[in-house]
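The chain below stands alone and is given as structure tokens, in the form predicted alone.
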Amino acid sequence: MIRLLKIEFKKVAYNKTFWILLGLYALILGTIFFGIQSVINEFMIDAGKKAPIPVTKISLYEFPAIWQNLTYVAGYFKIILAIIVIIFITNEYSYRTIRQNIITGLSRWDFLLSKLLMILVISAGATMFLFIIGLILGFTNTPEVTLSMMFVNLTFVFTYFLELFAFMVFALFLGILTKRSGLTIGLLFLYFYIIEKYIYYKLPDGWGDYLPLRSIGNLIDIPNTSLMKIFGLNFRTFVSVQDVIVVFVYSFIFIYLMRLTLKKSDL
């Protein structure tokens, strides 16, 4: 496995696109995380001037609620990481490096495993980035921090890792099927924002929740912030084991289909 990871790191070490997109992802998340609370509170203050009841400021970054808040918001930007995966798998076909890897000794399974390991590394790196930001914001926004407060909702962080991994596996699957970056990215956006939503509304109640990307998105529900409570809304404050199992099953299905595709395709 170490050998496969070294091969992948050599491919991305001097690739500007990889680092630019990764930097963009970190910049967007950092900017949003460090600015969203103040923006929401400014809006709340303005709205409170006209409201019949007093509107107080909200805190998104107090332990332990911070972990669900951060991971939910970060989930909207996982598509940037998926684009990175798509570009690099389709480049393997465009520049025929996949054929070169096979000729020089890698099996087709080794090639796929190297991509999956890289996805694991990216998922772990993005999760660690979110965790560090969470600690910084949590300590600076929580009046009295205890060890139990810090880690009581840490399940959401591990679930976020699974969400990233599963979503990027799906993107890898699309890339192996189409072999072209522009087409794959367009297909991902089309399926993510239009096709699956259309199928969701056409299926009987409850069935749509088991669609691939819907299942991945269901892992972390909308947080029960004080803003939501003002409007009388309540959402799930835990990770459903059923959702985790469904996402694991989808991940294994996509990996199996990719292995089957690589086995039968002409490289």
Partner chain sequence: MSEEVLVIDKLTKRYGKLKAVDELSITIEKGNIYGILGPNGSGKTTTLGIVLDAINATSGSFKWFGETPSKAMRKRVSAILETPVFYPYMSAVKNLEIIADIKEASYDQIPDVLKTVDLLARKNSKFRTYSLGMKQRLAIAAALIGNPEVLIFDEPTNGLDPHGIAEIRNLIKKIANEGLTIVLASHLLDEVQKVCTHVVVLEKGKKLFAGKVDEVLGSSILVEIAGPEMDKIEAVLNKSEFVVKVERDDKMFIAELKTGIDSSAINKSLVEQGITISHISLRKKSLENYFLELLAESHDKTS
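What you see is a predicted model; the values in this text were computed from it and never measured. Numbering follows the first chain given and starts at 1.
As for the form predicted together with the partner chain, it is not shown, yet the points below apply to it.
The partner chain in the model of the complex comes within 4.5 Å of no heavy atom belonging to Thr140.
When contacts are judged by a 4.5 Å heavy atom cut-off, Ser148 does not count as touching the partner chain in the model of the complex. Proximity of Glu196 to the partner chain in the model of the complex falls outside the 4.5 Å heavy atom cutoff. At a distance threshold of 4.5 angstroms between non-hydrogen atoms, Arg259 is out of contact with the partner chain in the model of the complex. In plain terms, the part of the chain that comes close to the partner chain in the model of the complex, with a heavy atom within 4.5 Å, is 104-112 out of 69-77, 104-112, 124-132, 150-158. In the model of the complex, the residues of 71-102 lying within 4.5 Å of the partner chain by at least one heavy atom are, in order, Phe88, Glu92, Tyr95, Arg96, Thr97, Arg99, Gln100, Asn101, Ile102.
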